[in-house]
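Just the one chain here, laid out as structure tokens, in the form predicted alone.
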């Protein structure tokens, strides 16, 4: 008499979810642990162990780096689908990410830039494909899928919450600097201990993935390679690099030489190409209107997709200043102690994932209770933008108070609370609505558009943050106020478009 073995489960889910959960937890630990330090390290003076870069240059580097992480996810997914499989992409990506973090642990500018490059390449391979593996654990129609992704999302936020506390302590806290001095080591190199800890986190993720990944042997295997797959992967990679090059050109205010040809213009021996930035907003608006005015229902849905693309781009352009302008505000204008407890600036980066962990179940209950009475997806995007405007508006009085000295941490915590509420209104439904609205033969391309919106949003976050500190502390209220007003106006426009976009969606919810 033979018995059929019962498949192993993890909290009622496929056992393979466990190694993916912990691998992603540690990968996010490495990414957010490093991100919490990146801008602070770049602007820190040489005497403090930093690179002593001006704020505007550091913000642009930060924006380009975070944009690249999302942009490389597009060819990363294509290469996995056509050439190496999701499982190998995750493994190779993790190894490259770890190498990048350990490169950042070397106190020199060359390893620093090499490390950023390696992390971008590695994350482009790992990030989209580990999520794809979670989806592949479930059969079509398995009602556990959404809950499985919720558990996976919790791992992301646990890693994001722990990371700034650990790496921030190593990089900035006076207690650890004293320990280094006691060991006879240079305390100004504490930044690199933080970067190194991020690398250790990625190695732990790789160990979990390899040692405990026995249940993943049939998930994300190497596909059957074909010439068409190679061509598709190469075209996607070349196209992404070309787009990256255009974005790089948009940062050039005085381009004097391109491909060995000297350019002369404006009497300054250079061309200002920053006008290219407007195209990243105007082009999607034009596409949205063009598709939205179509007589074909399927084409009008593409117009709705670009409505959501624009909303996501604007949202991330402010939200992702957490690691740049908001981190600098924490470092330069927020009290460094709560009572007798020292609070490094990087620790505030743990606020958003903490609020997500606390509020995500609340939002799930609210949407479930409301059922068909819950806001439509266009309205949720509008609410997300509205809370983001409220968050930055809260920083206006904080900035005014900062003229007279360091302000209470409660201002930043309030900002992160409102930002998180906005995130939970917009982010969870964004990827879902893209898959629902996309024609079946264009789902992959439309998911690439979603990643592209996040990429451009991160880039604009760096562009906006580059103005932080211009005009001194007395101008900070204008810095935050202009952005709050701008996104509030956009939220108003989105509100006015809700009924139109709902018609474009053609009954899709």
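Just so it is clear, the structure is predicted and the values come from calculations on it, not from any experiment. Numbering follows the first chain given and starts at 1.
There is another form of the same protein, the form predicted in complex with a small molecule; it is not shown, and what comes next is about it.
In the predicted bound form, the small molecule lies within 4.5 Å of some heavy atom of residue 316.
In the predicted bound form, the small molecule sits within 4.5 Å of a heavy atom belonging to residue 423. Looking at residue 427, you'd find a heavy atom of it within 4.5 angstroms of the small molecule in the predicted bound form. Although the partner is absent here, residue 156 sits close enough that one of its heavy atoms falls within 4.5 Å of the small molecule in the predicted bound form.
When the small molecule is considered in the predicted bound form, only one residue from 450, 456, 480, 41 comes within 4.5 Å through any heavy atom, namely 450. The listed set 127, 192, 87, 300 contains one residue whose heavy atoms approach the small molecule in the predicted bound form to within 4.5 Å, identified as 127. Of the candidate stretches 48-56, 26-34, 459-467, 472-480, only 26-34 contains residues with a heavy atom within 4.5 Å of the small molecule in the predicted bound form.
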